[in-house]
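This document starts with two versions of one protein chain, written out as structure tokens and named structure 1 and structure 2.
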Structure 1
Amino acid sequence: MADEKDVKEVKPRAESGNGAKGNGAGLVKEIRDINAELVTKAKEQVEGLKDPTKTQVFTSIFRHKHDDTPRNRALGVLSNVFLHLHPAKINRDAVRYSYTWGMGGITFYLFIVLTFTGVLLMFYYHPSKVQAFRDVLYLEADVPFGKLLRNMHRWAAHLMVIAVWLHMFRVFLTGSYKKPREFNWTVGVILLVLTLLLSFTGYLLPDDQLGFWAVTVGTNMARATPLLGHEGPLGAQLHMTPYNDIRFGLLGGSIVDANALLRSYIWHCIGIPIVASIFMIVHFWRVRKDGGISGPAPVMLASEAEKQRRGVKAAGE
């Protein structure tokens, strides 16, 4: 508002300065005017910058105010893409660590840590028999913080397996898989399997004795798959050989070699992370859609459970 007024006042003066007189005194006056204008404008604008939350840049990024009102607390969660998986409000006891153990969240955080360190590791690694092992040696010896990077990736992976187990254990102990969360438990079991597979496929990548023999032991079991393995029950009857059975498909060959390294690299870095991410999206989404975190719920008495059941039955009949 104030700006518009200023512009109107300035305009006629500028015109008179240029057109009518056209001498030096007029020009000096004009420059003085401009100078005075600039100073007031700059003062105003510096004043405005003292509260950055009022700037256009700020309001374009954050779509609500930040003074501590209940509305803004809710908006802080709801208008943020990373936080909006959370509801605005939750059960007052649901933040208690003794109930939740926080293991689901920690698992997800570790997945992010693993993605981050994993991408960095990919810069220094070639999934080929000639280079893989050397790459790890170079990483540890020559790359700044390379050893720390690899250590973090490995220990975070182990920690993630433990966190997933503890998460499952907590969900079981609190009966959180019960109605209406049955399906999300199923999704969770699949995520558990994917976590183990992610860890297992990463085991081979350093191409050292440890990984090589662990994967050899692991995939040798696939020989014995019923029907689909050449040493498994009824495998021979279905014409399974070491060159066409399921183990061949897993390894891309009849022994753990270059193809197995490449396959495990691609499963580890691309295939399983994508599948796991999709299942994670479903898992988190369903937590909300199934009514949020399961508890801590008020305890139920056996007598009430019976009544409730009969009530449902009576309504159904």
Structure 2
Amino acid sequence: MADEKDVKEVKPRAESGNGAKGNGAGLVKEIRDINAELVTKAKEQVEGLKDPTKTQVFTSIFRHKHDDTPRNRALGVLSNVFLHLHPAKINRDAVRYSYTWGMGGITFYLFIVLTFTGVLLMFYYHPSKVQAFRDVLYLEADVPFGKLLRNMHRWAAHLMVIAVWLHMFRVFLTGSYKKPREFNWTVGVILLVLTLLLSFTGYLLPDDQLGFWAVTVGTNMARATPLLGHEGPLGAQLHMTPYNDIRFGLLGGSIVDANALLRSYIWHCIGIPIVASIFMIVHFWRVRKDGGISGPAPVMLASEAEKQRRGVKAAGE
């Protein structure tokens, strides 16, 4: 209705003169084009509801199969991660270090360092209130290169958090989260959360004052979680108490004690690393299937660029 009203208001002004008539006709045409575009988008959304496999969300996760032709069979090989590890072609500027900063690769390298040093630290650590802090002291004082090993793990953890943030900052600034990479952006956000959880659960393992109070403050914040915390919105209505809410589940009790130490150890050394590894595999797979690292300039031959310039020039004339 609003569009029809605008059209009616444009017509009288278009009749005032030749110039005004031309402007009015242009406005009418522009309004009609906008209406046609909106109708087209509405039809696409309706079709998407009928067949979810044709929506952009689905195609950002999965790719459709090609017809059985020689060219498409070759594309099937070139686009397969296992048969052809690297993309057949990449963006020119994507390989520039000043574009990516190498933050994705640095983050993965730090994860490998953390996994290797973490496995070695497990040989000297017992997740119990009696032994945990003693094991840390023994590791730093008596184990050859033990202090170096622990500091490598600690500083790699700090650097991994920083590298993940910088990586996502770069992806956001370069628009690499846009179509068709929106699914991979979601996977990256999940990996960011898992990285923060890894850092948080590792804080308690030395069983010192820093770790104790860090986990105390962090889990006290969980009491205000909506629906799951007894102090959060709708928590009381769902009969949440200090003995059955999310904080109680994280600590395995009502205080930061032996159960909390054991649960942090299991989540830090087994649970979260396995989940993070799965999401990393998916993340790397999507980077490869989306054509490698995104870049500001697409790959284009000189002949293709000249052909495109001629087309633009012809359209302008």
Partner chain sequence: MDWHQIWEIVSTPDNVPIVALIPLLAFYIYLGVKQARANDQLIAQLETDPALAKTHHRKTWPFRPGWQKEIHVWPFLLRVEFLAAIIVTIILMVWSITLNAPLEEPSNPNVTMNPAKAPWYFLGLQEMLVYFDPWIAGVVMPTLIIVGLIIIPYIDTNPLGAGYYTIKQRKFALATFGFGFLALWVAMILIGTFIRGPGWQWFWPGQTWDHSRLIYEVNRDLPDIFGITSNLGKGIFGAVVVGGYFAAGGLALTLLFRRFMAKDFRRMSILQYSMVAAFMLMMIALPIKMLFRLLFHIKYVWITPWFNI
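Whichever C-alpha set is largest while still superposing within 1.5 Å between the two forms counts as the rigid core. Because the structure is a prediction, the values reported are computed rather than measured. Counting starts at 1 and follows the sequence of structure 1.
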Note to self: Of these two forms of the chain, identify the one that is the form predicted in complex with the partner chain.
What the structure shows: 1
Checklist line | Core-superposed comparison between structures 1 and 2, residue 216 Cα displacement 2 Å or beyond | finding: no
Margin query: For a quick test of reading the superposition: does residue 128 move by 2 Å or more at the CA between structures 1 and 2, rigid core aligned?
Written below: no
Note to self: Taking 2 Å as the cut-off, check whether the CA of residue 237 shifts that much or more between structures 1 and 2 after a rigid core fit.
What the structure shows: yes
Check: By how many angstrom does residue 92 shift at its CA between structures 1 and 2 when the core is held fixed?
Finding: 4.2
